[in-house]
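The data below hold one chain only, encoded as C-alpha cells and taken in the form predicted alone.
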C-alpha cells in the first residue's frame, strides 16, 4: 500500500491528509503558546494514537476524551493526565475509579450534586483524590450548571469541601459558536463566554477557592480573544481535521480540511439525470441535510454537482442545474467527498487511510465504543 495512489483503495474509504493534520495541529499549538495557556486537545474527532501524538507534540499528556473507551485506549498506550469530559455517568463510576487509581492523573467532570455523592461513596484506594472539573453552562445550552444560578457556586463549594475530592477546575464548552458565521461573530460569542467564566472564577476566589479554568470549541480556539489568556486551558478537538461545517462557520478555509471520503460512480440514471455512487449514509454523515447547496457534502473539484440523497450504501448525485454530461463520469470514476461533519463521518470508518500529496503512507485505526 505504501506509496500507492489513493485510486488503489477500495471505496468508500476515509482518507486523511497527514500534512494538513500536522499544519492544523501546529497552528493550534502556536496560538496557545502565544496566549500563554495550556492546550488540552480533545480526542473525540479521530480517536487514534497517531493523531493524538501529533496534537500533543509527542508528549502523550494533557488530553480530553468523551468516552471511557477512549480513556482506556489512551491509557493503554501510555497517555496520562486524561480528562473524561462527560458528566459522570452513574453506571461508569467504578470504571472511572479504576482509571483514577491506575493513572498519575485521571480527571472526571460533573454538573450535579448526585454525581458528587456517588464519588464520595466510592473513595479511591491509597489515599488518592477524585480530581473533578465542574461543568458550567455559559450559554451553550447543553450540559452544565447555568452560570447565573446560585447552585453553580454552591456545587463548586461542595466539591471543594468534600473529603477525598479535589475541585481541579471549571470547564466551559463554547459550542454556541457553532451558530456563528465569520470571525467577528465567533469572537463576540467567545468574548461573552470568557467574561462569564472569568466572573465566575472571581466568585470562587472570593469564596477562598482556587482552581483551573477551561473553555473550548474549535471555532472559539481558531479565533481566540485576548482575554482567553487569563484562563488556564483550552480544549478544542475538531480543528485537527476540520470539515465543511467549520469552513462555513469561519473557523477555517475549505483547503484546511484534512479528510475526504473516496467514492466511485457505480451507475448512470439518465431518466433521473443522476449518478449513483457507492457512498451511502453508512460512510458519510447525514448532518449536512438542507445546509449546503451541494447537498450532504462538497464534491471536491465538482462545484456543479450535488449529493442529493443517500440510502445505506448508495448515494444519488445530480447537477445543481442543467443536464448531466455522463461522458465526464464513466463508471468507476473516483470522486472525493468533503464531509459536512468530520467527527460523525470518521466514526463510521474502522480505519483511516493516511496519505501525503496523494500517496498512501499507511493506516490509522481508531478506538470505538463507549
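Residue numbers count along the first chain shown, from 1. All figures in this text were calculated on a predicted structure; none of them were measured in a lab.
Unshown form predicted together with a further copy of the same chain; subsequent notes refer to it.
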| query | finding |
| --- | --- |
| Among 28-36, 48-56, 317-325, 331-339, the region lying within 4.5 Å of a further copy of the same chain in the model of the complex by heavy atom distance | 331-339 |
| Within 4.5 Å of a further copy of the same chain in the model of the complex, all of 146, 287 and 312 (non-hydrogen atom) | yes |
| is_contact(residue 350, a further copy of the same chain) in the model of the complex, heavy atom dist at most 4.5 Å | yes |
| 4.5 angstroms heavy atom contact with a further copy of the same chain in the model of the complex for residue 178 | no |
| is_contact(residue 298, a further copy of the same chain) in the model of the complex, heavy atom dist at most 4.5 Å | no |
| Residue 343 within 4.5 Å of a further copy of the same chain in the model of the complex, heavy atoms | yes |
| Residue among 172, 228, 221, 277 with a heavy atom within 4.5 Å of a further copy of the same chain in the model of the complex | 277 |
| Residue (of 86, 106, 200, 74) lying close to a further copy of the same chain in the model of the complex, criterion heavy atoms within 4.5 Å | 86 |
| Contacts with a further copy of the same chain in the model of the complex, stretch 232-261 (heavy atom within 4.5 Å) | none |
